[in-house]
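A lone chain, given as structure tokens: the form predicted alone.
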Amino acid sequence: MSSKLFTLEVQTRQRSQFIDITSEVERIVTQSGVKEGTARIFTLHTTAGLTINENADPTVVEDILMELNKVVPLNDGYRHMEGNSAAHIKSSLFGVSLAVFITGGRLALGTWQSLYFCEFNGPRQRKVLVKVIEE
């Protein structure tokens, strides 16, 4: 089993947003030359996350963010002095890593699935690590 590690830079533009990183991760998989294996995707930030969700209708992402802000409001009497507790909570709810199978040299995603970087404390310059593992 061999692996290759890549870094993906993500520039966010809003406090909260989902950025589709599927094409960038697919480019990395192609560049790696791995035909069968796994892509492990990890973000290095405690106020961001990763998820897989629908890519066909952008209102799905808008709805997720709208409902998430209802469940975890920006200001809710948090004690953390930096004022970004909501972002830390959202990051913990979503998680900071994903694993996606690679088959035939491509990510094994469903027809409507995309990989999203989830910003909860932007705008910022962010990093995502992608480890492509040949199995």
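Note that residue numbering begins at 1 and tracks the sequence as displayed. Note that the structure is predicted; figures quoted are calculated from it, not measured.
The same protein also has a form predicted together with another copy of the chain, omitted here; what follows describes it.
Residue-level contact is defined here as any heavy atom of the residue lying within 4.5 Å of another copy of the chain in the predicted bound form; does residue 110 satisfy this criterion?
Result yes; residue 110 sits at the interface with another copy of the chain in the predicted bound form.
Decide whether residue 30 counts as a contact residue for another copy of the chain in the predicted bound form under a heavy atom distance cut-off of 4.5 Å.
So residue 30 does not count as contacting another copy of the chain.
Under a 4.5 Å heavy atom criterion, is residue 106 part of the interface with another copy of the chain in the predicted bound form?
No - in the predicted bound form, heavy atoms of residue 106 and another copy of the chain never come within 4.5 Å of each other.
With the partner left out here, check for me: in the predicted bound form, does some heavy atom of residue 26 sit within 4.5 Å of another copy of the chain?
No.
Partner contacts in the predicted bound form for 49-65 (non-hydrogen atom within 4.5 angstroms of another copy of the chain)
Result: 51, 52, 53, 54, 57, 59, 60, 62, 63, 64.
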